[in-house]
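As structure tokens, one chain now follows by itself in the form predicted alone.
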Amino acid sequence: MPAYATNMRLKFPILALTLEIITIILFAVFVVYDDGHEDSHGDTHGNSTEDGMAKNLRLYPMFQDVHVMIFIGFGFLMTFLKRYGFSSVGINMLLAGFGLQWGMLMQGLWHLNPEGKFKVNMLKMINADFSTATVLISFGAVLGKTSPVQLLIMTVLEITIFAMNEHLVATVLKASDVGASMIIHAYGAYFGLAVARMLYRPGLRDGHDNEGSVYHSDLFAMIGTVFLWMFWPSFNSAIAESDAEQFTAVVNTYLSLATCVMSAYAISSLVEHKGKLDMVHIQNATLAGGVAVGTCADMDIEPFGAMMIGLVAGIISTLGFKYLTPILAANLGIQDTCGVHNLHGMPGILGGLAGIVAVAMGKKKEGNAAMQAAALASSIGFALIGGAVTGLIMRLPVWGQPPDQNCFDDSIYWEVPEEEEENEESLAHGDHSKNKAEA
């Protein structure tokens, strides 16, 4: 096994500050405040300064909901690992804090005005959070097996590639994906899976002692689940073009999520020993309805249509956690820590397919089913190729990835409270004494 240089004292501060300084310089060159006036690229959809500013303030509650999902929802959802809570919440905040800046730049550079600038408005801030969500989804696939330096590199590359695909899907293909089933969820999941494949560790083939959860860590993860579940209607409706479409997206997401809860619970009980519920399924599969209804959330698919999507999403997500994740690990070498394929990947594809069908049925004005299909293919293609290249770059030992024995353990990159370390040592000593006595 290669020797990894895990000391972060120089490499992490140098990389983090260099990236931030570059970002500040780029903001100085390209970014200005929104003045409320619409420019040639339609940055502000208002007829006057007052209208433009009114829209910014009207979108602020939606922005805050999405912001909560990014920092609390995604962060706490990944705290299920018993020895990795600091990293789950802490590194999530690091990646989100940098990712939203980089995402705003990478998306804004595609929409410069004649003066070579782009305006910061509430819609740009929401889209910046959206771009960050792709990284946090991919983070789940490699959780516990990567260093902060590796993850910052992944953030730069993934968001840059995301902006390219997003521009292709929205501007060139003119596909509809208001809740981003394709360009965020499917893209983020398959990007993460490609990175995980490139970072495959044979030493973790049979699992790791720290890979499991304990009672309180699963409880913390449910906090993330509940926050994501509650605010998902805002995520899917925030960038809808009209008030009517925004309302439709809220209703469709609301109903899809509620139905998904029922199917996820039912299938979890069906496949588990003695009909018990599995907390992994409840933490994740209950959210799949929000992912799957995203593409057609603003379309007139009728309330029962949204519920059908949620029903199917809960079923395939739960079955994925139970049966597909072990197959991917054993046969394809894809060690997906959080099961992002089941929560974001397959439901994202389901959402893309639902969007194709809905557009073909005339549920979206000026929609084109062929362009919807091209958008789905583009998102998966960019994700797999971009993720594979990014994973190859992240494999270099200089980035400080943890050795196998230190995976899923906060103490390699965090100062851990002394009493926690003492408890671990006493437990280890007790196990050792017990083994000696048994011998």
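Note that residue numbering follows the sequence shown and begins at 1. It should be emphasised that the depicted structure is a prediction, and the values quoted were computed from it without experimental measurement.
As for the form predicted in complex with another copy of the chain, it is not shown, yet the points below apply to it.
Colleague: Quick one: from 109, 258, 328, 173, grab the residue that has a heavy atom within 4.5 Å of another copy of the chain in the model of the complex.
Modeller: Flagged contact: 258.
Colleague: May I ask you to choose, among 198, 89, 360, 204, the residue with a heavy atom within 4.5 Å of another copy of the chain in the model of the complex?
Modeller: The option sitting close enough to the partner is 89.
Colleague: Spell out, yes or no, whether the shortest heavy atom distance between residue 104 and another copy of the chain in the model of the complex is within 4.5 Å.
Modeller: Taking the distances in the model of the complex, the answer for residue 104 is yes, it comes within 4.5 Å of another copy of the chain.
Colleague: Hey, in the model of the complex, does residue 364 get a heavy atom within 4.5 angstroms of another copy of the chain?
Modeller: Close contact is absent here: in the model of the complex, residue 364 is far from another copy of the chain, nothing within 4.5 Å, heavy atoms only.
Colleague: Would residue 233 count as touching another copy of the chain in the model of the complex under a 4.5 Å heavy atom rule?
Modeller: The answer is yes: residue 233 has a heavy atom within 4.5 Å of another copy of the chain.
Colleague: Taking heavy atoms and a 4.5 Å cut-off, does residue 144 contact another copy of the chain in the model of the complex?
Modeller: No - in the model of the complex, heavy atoms of residue 144 and another copy of the chain never come within 4.5 Å of each other.
Colleague: Only one of 366 to 374, 394 to 402, 65 to 73, 379 to 387 has heavy atoms within 4.5 Å of another copy of the chain in the model of the complex; I'd like to know which.
Modeller: That would be stretch 65 to 73.
Colleague: Since the partner isn't included here, can you check whether another copy of the chain sits close to all of 16, 28 and 128 in the model of the complex (heavy atom within 4.5 Å for each)?
Modeller: Checking in the model of the complex: 16, 28 and 128 are all within 4.5 Å of another copy of the chain.
Colleague: Which residues from 305 to 340 come close to another copy of the chain in the model of the complex, meaning a heavy atom within 4.5 Å?
Modeller: Those in contact are 307, 308, 311.
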